[in-house]
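Take a look at this single chain, the form predicted on its own, given in structure tokens.
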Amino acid sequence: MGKLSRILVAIGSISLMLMFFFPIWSINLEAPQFPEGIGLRIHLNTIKGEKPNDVASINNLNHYIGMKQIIPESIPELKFMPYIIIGLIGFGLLSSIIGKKSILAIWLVLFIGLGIAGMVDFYNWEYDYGHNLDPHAIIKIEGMNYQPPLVGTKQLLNFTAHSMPDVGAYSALFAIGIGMTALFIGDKKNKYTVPKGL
């Protein structure tokens, strides 16, 4: 890799640090009884409310319809996700230092693979919370599930649920994009370099 590619990979790797300071995903709920809305902010290592009491409010609602309580400490992924991101940052910086296209390609494949696995895991988490309901719940509606959308908007009874990536997810997409740009620049440079001695 050339100097520019190395710099790009380093920038992309360092940008992943934003994931430690900003949410990865946002889920917002709108309903007449909550005119200001309530929401969840999913971070690498915890889940917080958009406002201080939002997690408690959502857990109270979940109790009535039989959904599990949202307890961040009980979600295993939130314990090891920070270490995965630290590993990706370190691997990316190592790729930048070594400067080999093959190492960068491995980093990108690993990064994209982990991203896909994370999205599948998040979908399964949403599915579990929305479908595995307490049969003794106070409110039961035959055939109804409360799984929020992975991305987009969905009507859940009188609630409108919005699910979208947040700053942390966008920083990961930026890192992948800039890594692929660095790989392309390296390929292009190698393709058109005139061999020495000619």
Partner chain sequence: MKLKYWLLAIASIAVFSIVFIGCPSQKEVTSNDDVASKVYVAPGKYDEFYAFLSGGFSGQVGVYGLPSGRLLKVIPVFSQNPENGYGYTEETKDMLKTSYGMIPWDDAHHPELSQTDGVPDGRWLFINGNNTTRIARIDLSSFRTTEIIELPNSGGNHASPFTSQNTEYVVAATRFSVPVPNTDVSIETYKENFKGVISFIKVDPKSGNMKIAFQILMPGFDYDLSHAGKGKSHGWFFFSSYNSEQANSLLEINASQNDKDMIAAVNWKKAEEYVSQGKAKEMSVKYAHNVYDENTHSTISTMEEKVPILTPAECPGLVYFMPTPKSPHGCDVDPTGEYIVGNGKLAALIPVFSFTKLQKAIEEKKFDGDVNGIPIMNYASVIAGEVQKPGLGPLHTEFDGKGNAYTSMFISSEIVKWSLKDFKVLDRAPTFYSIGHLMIPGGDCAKPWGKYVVALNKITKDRFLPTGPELTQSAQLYDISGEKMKLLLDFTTIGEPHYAQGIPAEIVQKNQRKVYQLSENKHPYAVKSEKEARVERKGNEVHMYMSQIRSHFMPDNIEGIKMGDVVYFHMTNLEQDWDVPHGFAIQGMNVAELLVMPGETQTITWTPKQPGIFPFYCTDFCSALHQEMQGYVRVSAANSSGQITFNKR
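Positions refer to the first chain, counted from 1. Here the structure is a predicted model, which is why all the values come from computation and not from measurement.
Note that the form predicted in complex with the partner chain isn't included here; everything after this is about it.
Residue-level contacts in the model of the complex: of Lys48, His63, Lys154, His131, one residue has a heavy atom within 4.5 Å of the partner chain, and it is His63.
For Ser26, no non-hydrogen atom is located within 4.5 Å of the partner chain in the model of the complex, even though that partner is not displayed. Using a 4.5 angstroms limit between non-hydrogen atoms, Ser57 touches the partner chain in the model of the complex. Residue contact with the partner chain in the model of the complex: Glu36 places a heavy atom within 4.5 Å of it.
In the model of the complex, none of the heavy atoms of Thr160 sits within 4.5 Å of a heavy atom of the partner chain. Shown alone, this chain has one stretch from 63 to 71, 146 to 154, 40 to 48, 166 to 174 that lies within 4.5 Å of the partner chain in the model of the complex by heavy atoms: 63 to 71.
Taking the partner chain as it sits in the model of the complex, the stretch 124 to 145 comes within 4.5 angstroms of it through a non-hydrogen atom at just one residue, Ile138.
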